[in-house]
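Only one chain is included here, represented as structure tokens and corresponding to the form predicted on its own.
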Amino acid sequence: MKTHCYIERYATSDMLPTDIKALIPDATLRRRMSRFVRTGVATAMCCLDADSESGEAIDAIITATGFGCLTDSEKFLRNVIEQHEELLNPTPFIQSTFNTIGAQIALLRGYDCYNVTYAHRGLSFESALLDAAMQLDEGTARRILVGAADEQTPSQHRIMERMGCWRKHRDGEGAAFLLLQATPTREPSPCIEEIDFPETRLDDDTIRRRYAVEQILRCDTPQSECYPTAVARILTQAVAPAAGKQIRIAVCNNYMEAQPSVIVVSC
């Protein structure tokens, strides 16, 4: 799909301060959040931080995750077994749903807008990005927060290790959020120009010819941390301009060699 989504700001979990009290001031709320939810929400708040001063609202919150809230899901299932389905604590169940991060963002900021979470395995973030692109292109939204998060747990790591997943890849986790809009606020402004889903994994030469790009960033290299929405973090790495000159970059994802995707960014 051809599109023009301009990236106003972005934030990743690597950019978070050690103390996130300023991002999530409510101490009780922070304690109730799992590490995964706390990281995802704090990353989103970091991306939206400038809006708290400008007062500008957003028209949609679109989140993506491949695994969801694994820690809370595991905790709830463990309680079901150990307590024989009686006297269960509802908190892990409430916070185990895939849309927990998106819901918490809306509650913290008081946003009453379109709020959707995509859980499409390795294409979760691309699905969220495609939704945002269509809304911006159609004019139904002007500014959209799009983000992705996944966590690593000991149980998940062991299970996927037994499946042989870590023979070619390295397990990881992370969160990344982008604030997208239909028109640029500054020049030059990074722009997502195309979201494509080729039938098979493409080699570098084919990608350069097909998408007319000068640089390629891949999520499926042995050196990269591998998790379903790692492409969101790689996309933020492509946003920074290269020495002030315009460059087209292809961000390629092929999580567990299942279904490839290509996101073309002009910086």
Partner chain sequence: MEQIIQQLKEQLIEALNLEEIKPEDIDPDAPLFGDGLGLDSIDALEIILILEKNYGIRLENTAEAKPHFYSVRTLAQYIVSQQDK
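Numbering follows the first chain given and starts at 1. For clarity, every value in this text was computed on a predicted model and none was experimentally measured.
What follows is about the form predicted together with its partner chain, which we do not show.
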Assert contact residue (its partner chain, in the predicted complex, non-hydrogen atom within 4.5 Å, options Met134, Cys113, Leu88, Cys165) equals Leu88
Which is the contacting stretch out of 30-38, 208-216, 222-230, 59-67, given heavy atoms within 4.5 Å of its partner chain in the predicted complex? 30-38
Are all three of Arg121, Thr185 and Ser189 close to its partner chain in the predicted complex, meaning a heavy atom of each within 4.5 Å? no
Applying a 4.5 Å heavy atom distance criterion, does Thr153 contact its partner chain in the predicted complex? no
Against its partner chain in the predicted complex, would Leu107 count as a contact residue? Criterion: heavy atoms within 4.5 Å. no
Can Gln83 be called a contact residue for its partner chain in the predicted complex at 4.5 Å between heavy atoms? yes
Taking any heavy atom pair closer than or equal to 4.5 Å as contact, tell me whether Ser73 reaches its partner chain in the predicted complex. no
